[in-house]
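There is one chain below, alone, in structure tokens, taken in the form predicted on its own.
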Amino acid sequence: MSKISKIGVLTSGGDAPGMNPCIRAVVRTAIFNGLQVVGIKQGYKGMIENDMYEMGTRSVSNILNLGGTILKTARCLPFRTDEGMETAYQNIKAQGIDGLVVIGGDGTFTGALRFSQKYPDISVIGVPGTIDNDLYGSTYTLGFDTATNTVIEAIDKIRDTADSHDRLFFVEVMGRDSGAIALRAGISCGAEAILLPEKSTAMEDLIAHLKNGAINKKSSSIVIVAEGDKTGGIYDLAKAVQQEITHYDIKVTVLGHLQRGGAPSSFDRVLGSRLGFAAVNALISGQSQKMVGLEANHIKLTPLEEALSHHDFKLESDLLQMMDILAI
């Protein structure tokens, strides 16, 4: 059993709904087990700048319903250097911290793994917090469910206008390297086409599909485009389609950072609580350099190195088949 006495908790990289429930679970689980907790502001930047504070049970009251992160978040280039890491190490040692819970995505985990390898006396557990849902070792990541529901709500509203005016809307959603949000939102909203970074779509095939929809008397069309789609930028894509399909009034909507905000869904509140609880228990049991995740509705520990080395995270094959079949 590891003799962890004080845990530092931080959020890093892009914010994601569900981070606050996770922070709350980390703080209260640690205190329940007789440990002290330090909140580290703005991720690794807070470690370097010594921007930390003691947290108690009341420090995390009334945050379950809040989007974003009360600890703030930032990307920190100095932490990638040996000098930056050494400064961070000296600061957390001075605070008496001997265990870290880091909440974020692959960039966060890369920094955490390198830090723990360099300073093995600091145990580190990662919690997957990214709306892209693209980390190996967890079926769902914090924020994905909320972000997808936000996209669905927005597209449902766009559909009302599209139907009223016989319009074709191209809607760009987040997902530079992952089409998880686009795929689930597209199926949920009945999109006529979904363009994903994982699947190439020829321009002529897209145009033929949209023309066929018009022949079948569809009053509107929604095309969801993940920002990492290889077809090209959404504005150029819309322009190219407009030249071939003139009867539609084509509009473009980029949802952008709207997708990151908002109160976490019930799923993300429970997921954040489960993963925060599991992260503290993993530290107490002597684990380090691991990520806590959820697979088959059970908590699973995956080595950070393994989570980072797998870049073959695949979208569900049945959903990929459904997206074309259900859009006819």
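Note that residue numbering follows the sequence shown and begins at 1. Since we're looking at a predicted model, the values are computed, not measured.
One more form of this protein exists, namely the form predicted in complex with a small molecule; it is left out here, but the text below deals with it.
Picking from 152-160, 99-107, 202-210, 189-197 the stretch near the small molecule in the predicted bound form, with a 4.5 Å limit on heavy atoms, gives 99-107. In the predicted bound form, no residue of the candidate spot (Gly8, Val27 and Ala88) has a heavy atom lying within 4.5 Å of the small molecule. Within this chain, Gly137 is remote from the site of the small molecule in the predicted bound form, having no heavy atom within 4.5 Å.
The small molecule is not drawn, but in the predicted bound form it has no heavy atom within 4.5 Å of Ser123. Taking the partner from elsewhere, Arg114 is found to have a heavy atom lying within 4.5 Å of the small molecule in the predicted bound form. Although the partner is absent from this view, Thr130 contacts the small molecule in the predicted bound form, with a non-hydrogen atom inside 4.5 angstroms.
Proximity to the small molecule in the predicted bound form, defined as a heavy atom within 4.5 Å, holds among Lys230, Arg80, Lys93, Lys118 only for Arg80.
The contact with the small molecule in the predicted bound form, taken as any heavy atom within 4.5 Å, belongs to Ala74 out of Val254, Leu258, Ala240, Ala74.
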